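Below you'll find only one chain, the form predicted alone, shown as structure tokens.
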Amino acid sequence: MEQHTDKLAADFILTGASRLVTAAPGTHPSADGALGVITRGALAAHAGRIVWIGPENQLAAHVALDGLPKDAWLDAGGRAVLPGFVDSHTHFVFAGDRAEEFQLRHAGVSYEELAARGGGILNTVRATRSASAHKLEVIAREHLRGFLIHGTTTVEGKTGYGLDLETEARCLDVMHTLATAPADMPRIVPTFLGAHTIPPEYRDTPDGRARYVDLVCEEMLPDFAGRARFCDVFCERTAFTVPETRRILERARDLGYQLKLHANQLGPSGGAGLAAALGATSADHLDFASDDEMDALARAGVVGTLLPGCSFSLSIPYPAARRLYAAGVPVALATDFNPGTSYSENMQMMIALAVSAMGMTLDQALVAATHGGARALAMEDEVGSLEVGKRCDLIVLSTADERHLAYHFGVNLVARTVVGGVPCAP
């Protein structure tokens, strides 16, 4: 008797990949090495999620291909295919720029001195407060386009350039508008960073700091609950103390936010230890984290997000990634895209810096830029690798080998980006 085998329905097929880098070694028996590379691999997706992955010569046996329209097929043309990058730390909603400050820093003026003069973050705060929602949306959309063409398919976006209820709300509104726009766009994960720095109007009175922390805790956090997935605090000597940070984050946790910290970027602030104590999803920067703090982060399962673009832009030493790996801290890699200290939407650049300046292997950097970023957003079940059930977010390189990343640096090696099984305009 003839046997009938049900085949999987699909509305997106990718074939022609020289190397299908899954970032999931166990996803298929043929997935090889730390990156789970399937030579001449293929995948199929339905309704935006991967339903099958494996060698291309097995595709027809598992997936119903008859009758699929031509535009449902993407031929990689003998090039390498990777998961889309997950950029878990950015500040992409802002107005203005700080090109002049960049020049001053490299002429010898420190970041702290610029902040004391009312520059730094406060320059961007002034420009952002004065910008309409429409202007912010236009600027942010252009930034997102920059992420997309360089291969980022999921991007976290922080507020923090408003520092008042009205402007912080406007920035969140812009993110939500863009997140629901029917256009080529990375997925957006909103984070509330009202505790980015003390705003100027609270700096000239003895109780100004306390009143601003009260505002964040008692008005902003309740108002934005459900509109931002994460709450982040810049825990640093130029921003918020450990007790202030703890109060804000504990209030956020009670209101249902997940937690992040800017920790130990400019000095031994204590932020990394606090991130471990609170069980934050990620602690970001970690340039000055101690060995004891690294051990605490590892025990708590906190992701350490490394941001080499800051070191490059500020001309300061890079964080030593090998310390995190030695301690057992999960590692993510992100751009920290912002107008002051890392004005780059390009995760490929971060991978190159991680390999050349931070002691990471290419395999480690690629995992940190994909699966690691997903963990830093608590989205590892959704994105960050090419596996059945996950979102079909991927990039096709312009080269047949993913090992050209970091090696062939300073150019865009992404030829095509796919978000949710939909190829985006090149």
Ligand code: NIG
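All figures in this text were calculated on a predicted structure; none of them were measured in a lab. Residue numbers here begin at 1 and follow the sequence given.
Another form, the form predicted in complex with this ligand, is not on view; read the next lines as being about it.
Residues within 4.5 angstroms of this ligand in the predicted complex, judged by any non-hydrogen atom, belong to 262-270 and to none of the other stretches in 141-149, 247-255, 291-299, 262-270. For the three marked residues, Val155, Arg375 and Arg391, no heavy atom of any sits within 4.5 Å of this ligand in the predicted complex. This ligand in the predicted complex is approached by Asp336, whose closest heavy atom lies within 4.5 angstroms of it. Using a 4.5 angstroms threshold between heavy atoms, Asn346 stays clear of this ligand in the predicted complex. Heavy atoms of Pro330 never reach within 4.5 Å of this ligand in the predicted complex, leaving it off the interface. This ligand is not shown here, and in the predicted complex it never comes within 4.5 Å of any heavy atom of Pro190. For the residues Cys310, Ala352, Ala131, Ala76, the 4.5 Å heavy atom test against this ligand in the predicted complex is passed only by Cys310.
Between this ligand and the residues Phe234, Phe224, Tyr212, Phe230, the one pair within 4.5 Å by heavy atoms in the predicted complex involves Phe234.
Contacts of stretch 284-303 with this ligand in the predicted complex, defined by any heavy atom lying within 4.5 Å, are made by His285 alone.
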